[in-house]
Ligand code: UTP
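The chain that follows stands alone, in the form predicted on its own, written as structure tokens.
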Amino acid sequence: MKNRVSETLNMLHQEHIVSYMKSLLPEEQLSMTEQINRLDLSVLNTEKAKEERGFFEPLYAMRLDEIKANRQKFTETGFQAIRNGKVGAVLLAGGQGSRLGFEHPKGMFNIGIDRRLYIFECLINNLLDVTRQADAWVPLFVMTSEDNFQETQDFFEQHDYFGYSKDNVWFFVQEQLPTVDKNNKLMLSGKGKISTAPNGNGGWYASMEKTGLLKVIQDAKIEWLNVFAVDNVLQRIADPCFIGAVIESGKVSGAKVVAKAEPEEKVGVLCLEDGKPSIVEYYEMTDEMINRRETDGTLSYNYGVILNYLFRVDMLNRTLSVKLPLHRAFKKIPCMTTDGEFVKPEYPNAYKFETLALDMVKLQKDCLAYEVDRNREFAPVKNKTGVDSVDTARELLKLNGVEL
């Protein structure tokens, strides 16, 4: 077994790992061999080539006024789907709070001021708003990283699931991919261990399959999954109006979007690419796209995604046969040298490989862009201070009547 691993590593120009393994004790070599056999080393052949994009066109959103006019009908349809057990929710919670100066899962961060109020607690409170009105639980699937799985699960246990039904919460681990340095060489995270990182927010459904949770979805006859990110404390989850609007539209997916604050705002914009729903990143947009306007003065490319999607399960199942593109992200990744020295870099030093949720959107045949009020549903906690920070999120929570 070890010989085959050595051959593979040599073929992939990872001779430094082969040499390092020879310095380990037999049981350490075996453990490392088993880890390497579990890893997808095909990522080492991922090219850094720029992705060729297709022909972009605007994708017009269902706007706030239209939603308001149809709110009762949409909400009734959404609540009916929830009460019939057709809706599940997936919380993407693999991220650490490093950028907040918090070395724990980001969801454990206390955003309160005069009382403790954790990010996880904010999200569960938002979901409880719906389940109490529906008088029905929404199955909640929480995706963690390999590193924060136990800590996240213990945190929910310690806080009695913040009032949610423990029987309706499942935790699962996101698939890990190896990281590489600037020379495309595998790195070590510790003695006898290859450095890995979670495979990005696009890997959630494939990770659910690998951990057996698609059987839970199948047995429960769940037809829709609402996927949302941990770092937006105003995220409305299993929102019955959103669910109902998507169902009534006849489309197979939906995305909550916010109107851009300004043409140059750095957000990914929901659009059409070669006639299919897609997301164009702000840095990919031409000046013409950024400034183009409709006859009513609205920006043509106006609606930014907030990582709150609704997918129809039968269509998601088709995506499992498709290998999502891998994106390289240049990050600060702590590592250990083959000489045993630990390195905590101050600047980006290595690449991690990520699949992105936006690539799952591109695999859907259509998508309802559903506008929400950014002051009511968009309070990202990405930075310690400044834009999209703890401070700005706190102000928006207060605006929405949340006691801090």
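Nothing here was measured: the structure is a model prediction, and the numbers come from that model. One rule holds for the numbers: they count along the sequence shown, beginning at 1.
This next part talks about the form predicted in complex with this ligand, which is not shown.
Q: With the partner left out here, if you bring back this ligand in the model of the complex, are Ala93, Ser98 and Lys331 all within 4.5 Å of it by some heavy atom?
A: Yes: Ala93, Ser98 and Lys331 each sit within 4.5 Å of this ligand in the model of the complex.
Q: Only one of 149-157, 191-199, 211-219, 292-300 has heavy atoms within 4.5 Å of this ligand in the model of the complex; I'd like to know which.
A: Selected range: 191-199.
Q: Is there a heavy atom of Ala229 no more than 4.5 Å from a heavy atom of this ligand in the model of the complex?
A: Within the cut-off, so yes.
Q: Does any part of Lys382 reach within 4.5 Å of this ligand in the model of the complex? Heavy atoms only, please.
A: So Lys382 counts as contacting this ligand.
Q: May I ask you to check whether Glu377 falls inside a 4.5 Å heavy atom distance of this ligand in the model of the complex?
A: So Glu377 does not count as contacting this ligand.
Q: Can you tell me whether Ala238 touches this ligand? I mean in the model of the complex, with a 4.5 angstroms heavy atom cut-off.
A: The answer is no: Ala238 has no heavy atom within 4.5 Å of this ligand.
Q: Given that this ligand is left out here, which of Val246, Ala255, Met143, Val233 has a heavy atom within 4.5 Å of it in the model of the complex?
A: So the residue touching this ligand in the model of the complex, by this definition, is Met143.
Q: Please identify the residue among Glu354, Asp359, Asp366, Glu371 with any heavy atom within 4.5 Å of this ligand in the model of the complex.
A: By the 4.5 Å criterion, the partner-contacting residue is Glu354.
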